[in-house]
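Here's a solo chain for you in structure tokens, the form predicted on its own.
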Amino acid sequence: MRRLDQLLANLGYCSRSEARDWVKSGAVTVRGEEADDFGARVNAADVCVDGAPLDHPDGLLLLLNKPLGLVCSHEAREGPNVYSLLPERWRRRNPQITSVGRLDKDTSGLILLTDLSPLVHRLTSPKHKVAKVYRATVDRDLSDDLIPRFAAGTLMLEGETEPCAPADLRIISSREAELTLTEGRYHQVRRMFAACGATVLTLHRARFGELDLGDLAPGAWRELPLDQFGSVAR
């Protein structure tokens, strides 16, 4: 149970002080009755605002097809971000919606967004080895010799002391490949190809675990069930 004013503020409806005015105006009901105490402890399932149940009180889990040019950071100085694609109320939620891992602004494709921090920690933990599939085009012809090199688990990235975990490389055409990783190091795909003398020109994440984009358009998102990866508590 949570305080009524804090619940409304955390779900992005308004500030806590504004929530008190909402309660006084009769806009908020608890179990069908007008609320009269903004400090009352309530179950979110019992609360309605203007006759409608609360908006995703248990949390959000979204699959987004990230367009090029957007970052996964909340820092305004880094430029336009993926959260600008979401409804305004969701952008005011606390805990705030964040990405599960990141895709840089020059990478498109599948990214998960959630306000469930335990889920973020679970899916980004190296021990869970969630497979992520990327499609890359590069500036030079790819040799079949790269396949065992990526799979060996010995490829070193510049500035690091531990080799990359084994990765599955599938060459699609002379300058296009699909790479499956179970790690999430900084700019890892680009750096792996750079270690082999190739520059990545375009990069797109096609899968995350068992999830893919389907026919989801760039900039669009769809909701996933909160138990998509097992039960999660706030």
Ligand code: URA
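What you see is a predicted model; the values in this text were computed from it and never measured. Note that residue numbering follows the sequence shown and begins at 1.
What follows is about the form predicted together with the named molecule, which we do not show.
Determine whether any heavy atom of Leu142 comes within 4.5 Å of a heavy atom of the named molecule in the predicted complex, and answer yes or no. Looking in the predicted complex, residue contacts with the named molecule do not include Leu142, since no heavy atom lies within 4.5 Å.
At the 4.5 Å heavy atom threshold, is Val28 in contact with the named molecule in the predicted complex? Val28: no, not in contact with the named molecule in the predicted complex.
Would Leu64 show up as a contact with the named molecule in the predicted complex if we use heavy atoms at 4.5 Å? No, Leu64 is distant from the partner.
Residue-level contact is defined here as any heavy atom of the residue lying within 4.5 Å of the named molecule in the predicted complex; does Gln188 satisfy this criterion? Yes - in the predicted complex, heavy atoms of Gln188 and the named molecule come within 4.5 Å of each other.
Just to confirm the contact call: exactly one of 99-107, 113-121, 144-152, 158-166 touches the named molecule in the predicted complex at a 4.5 Å heavy atom cutoff, so which is it? Among the listed stretches, the partner-contacting one is 99-107.
Which residue among Ala177, Leu203, Ala35, Leu70 has a heavy atom within 4.5 angstroms of the named molecule in the predicted complex? Residue within 4.5 Å of the partner: Leu203.
Are there residues in 125-154 with a heavy atom within 4.5 Å of the named molecule in the predicted complex, and which are they, in order? Contacting residue: only Tyr134.
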